[in-house]
Ligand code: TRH
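Just the one chain here, the form predicted on its own, laid out as structure tokens.
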Amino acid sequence: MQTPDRYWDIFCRVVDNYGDIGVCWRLAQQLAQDYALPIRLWVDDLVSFARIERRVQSHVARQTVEGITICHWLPDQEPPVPGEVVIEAFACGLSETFLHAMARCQPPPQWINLEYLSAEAWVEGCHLSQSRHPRLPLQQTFFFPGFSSNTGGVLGSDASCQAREAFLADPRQQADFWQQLGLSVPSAEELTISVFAYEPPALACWLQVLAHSPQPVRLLIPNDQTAKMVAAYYKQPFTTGACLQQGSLTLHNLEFGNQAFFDRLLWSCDINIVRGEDSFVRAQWAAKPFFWHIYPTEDGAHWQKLEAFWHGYSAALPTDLQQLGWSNWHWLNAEVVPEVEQLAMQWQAWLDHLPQWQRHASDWERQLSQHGHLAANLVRWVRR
């Protein structure tokens, strides 16, 4: 028998894009900073990690950033002594050797399976459910993030909300951020939209609509999949730092920044288009109108998640705004591309209610806070 190490271990497998590691890195930082917990973060893909956190060196197997021990997680490596808490993020699958190392500990580590975020009704019934390992003396607890008090809540922090309020109240901070981007401060009549999506089929159609907008529109696009679609559509280079002008529309390709940069980007825009899980949550904490481009699944199950969230998110809105909002979220996620004229009408109808969308985004952010933050709820459960 061995005694568990003092660490909280977090295991993350980067499936694709940056959502999994984005969530795990934010969680690791919050647990370390707000609760002074010793965190060991195991990541199988340090190259992807380094794109959202430049202090991470992709060739270094063990390193420390912000007091957090970051380890390259390799298959079949000799397991360390497990920490007192083991968080398996998104059912990433712990190795048999590590599971056996956990089983040799006395007492065994608290094994938590941190699940994906969902607003579906079944989540409340599964939150904190437990399952015994079929062969080893181990028990895992399923911890489900969610949007009600009967779930684990969503990942956020009071400090981040305070930083947002300070940023929005300080023109100097805002001007410095635009200068960092190499851009001028947006004019009062200009509409500024961030776009961090996958590859929405309707993107080209929407770009045509924006190019004929009655007001100037500025699209800010981190250099990723959407930027490649823009380059292909306009048949022009659109690399980091590039700017394209099409009628009323100006498109800027931004260098991919870290999470603090991305938060400020969301705070600075009138509207945000986000994807996956991490940016989806950050858009809600930004308290700005947003559109969610959910990760599409082959079996179409993503539509259930999208509709479940929209149902809860829009519940306080009048029926006509619920329908209008859903029609615009729908075209962003649909495989069938709408006609330009149809999309132009839908988009303008949505914009006509921008002040209402803004008030609703602020109301929703306050509602989220009432359920407690994910990290706080997790620590409270472990220490119960």
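In case it trips you up, residue 1 is the first one in the sequence shown, and so on. Owing to the predicted nature of the structure, the values given are computational and were not obtained by experimental measurement.
A second form of this protein, the form predicted in complex with ligand TRH, is not displayed here; the remarks below concern that form.
- Contact annotation: ligand TRH lies within 4.5 Å of heavy atoms from the stretch 253 to 261 in the predicted bound form, the single such stretch among 186 to 194, 125 to 133, 253 to 261, 157 to 165.
- Contact annotation: of the candidates 310, 116, 233, 178, the single residue with a non-hydrogen atom within 4.5 angstroms of ligand TRH in the predicted bound form is 116.
- Under a 4.5 angstroms non-hydrogen atom cutoff, ligand TRH in the predicted bound form has residue 275 among its neighbouring residues.
- Heavy atoms of residue 11 never reach within 4.5 Å of ligand TRH in the predicted bound form, leaving it off the interface.
- Although the partner is absent here, residue 98 lies well away from ligand TRH in the predicted bound form, with no heavy atom inside 4.5 Å.
- Taking the partner from elsewhere, residue 198 is found to have a heavy atom lying within 4.5 Å of ligand TRH in the predicted bound form.
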